[in-house]
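In the block that follows, a single chain appears as structure tokens, in the form predicted on its own.
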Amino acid sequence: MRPVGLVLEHLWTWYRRNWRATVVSSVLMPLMFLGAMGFGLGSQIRPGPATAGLPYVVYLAPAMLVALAVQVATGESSFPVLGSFKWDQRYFAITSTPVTADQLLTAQAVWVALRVLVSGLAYMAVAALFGAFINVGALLAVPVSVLAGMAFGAWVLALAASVNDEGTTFGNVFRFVVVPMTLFAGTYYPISQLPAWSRPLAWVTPLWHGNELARAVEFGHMDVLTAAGHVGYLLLLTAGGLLLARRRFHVRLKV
């Protein structure tokens, strides 16, 4: 485990000096969306069946946490990983030491999860001050969000280890995957409001499963079997993404 810890120490050293550049995208943007959509637009929405009888901001807050997790995981798994392969080639420098490709990937994945965790806790602390979370069960939404973030971020890790462009691929990932997923996977409204033919598209996204779980742990309206299904699907996605990332790391680092 020491090699993994050393890589994590390296990532922390870099982040400690540059964390200010991530505050806007990691915390402030989700809070602004929560304020605009939850308090602004939400003031015009009456509690009803679509919001489970809750004020809109309360209904929205757990899903915004999961959306934040997916966005942070995508950001941390994309450009920094591509840059470490191509621009500064630090991955090659690291694996020229006794640190193996598997240990490097493990450390990078753990780092992504830690970044998602810290961003989620910061968002939750501020949102709770404004009454967006109504009970302590909401704390369980944090590990749910980390799992949902990793279920998507692991695949972005694999992609980052595969592409060799200047990052244009990631722009398309954000435009054509992350943004539509945020809009149509149950973050702002239940997908039962969508046309029936489009709902399976939401079902395959990690964000929808994370949204359902995050709301369930706070509001408590899900049976154990359904919750286990959501967790199992997210774990399966995470494992699949990490296995593919492992293969790509080995190929690219030629080990």
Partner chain sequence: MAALLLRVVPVGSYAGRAHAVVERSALVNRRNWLLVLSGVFEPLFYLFALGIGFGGIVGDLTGPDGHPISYAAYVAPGLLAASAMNGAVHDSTFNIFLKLKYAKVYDAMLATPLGPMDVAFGEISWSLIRGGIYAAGFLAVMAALGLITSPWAVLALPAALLVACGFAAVGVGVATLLRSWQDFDLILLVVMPMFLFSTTFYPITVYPVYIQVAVQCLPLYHGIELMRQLTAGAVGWSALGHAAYFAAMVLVGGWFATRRFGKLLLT
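Remember, predicted model here, so these are calculated numbers, not experimental data. Residue numbers count along the first chain shown, from 1.
Unshown form predicted together with its partner chain; subsequent notes refer to it.
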Every residue of Ala122, Ala125 and Gly137 near its partner chain in the model of the complex, heavy atom within 4.5 Å: no
Contact label in the model of the complex: Ser96 to its partner chain, heavy atom within 4.5 Å: no
Exercise: Trp208 in contact with its partner chain in the model of the complex, heavy atom 4.5 Å: no
Touches its partner chain in the model of the complex: Leu114 (any heavy atom, 4.5 Å): no
Contact test in the model of the complex: Val204 vs its partner chain, heavy atoms, 4.5 Å: no
Answer range among 97 to 105, 170 to 178, 150 to 158, 125 to 133 for contact with its partner chain, defined in the model of the complex as heavy atoms within 4.5 Å: 170 to 178
Stretch 22 to 41 - residues with a heavy atom within 4.5 Å of its partner chain in the model of the complex: Val24, Leu28, Met29, Met32, Phe33, Gly35, Ala36, Met37, Gly40, Leu41
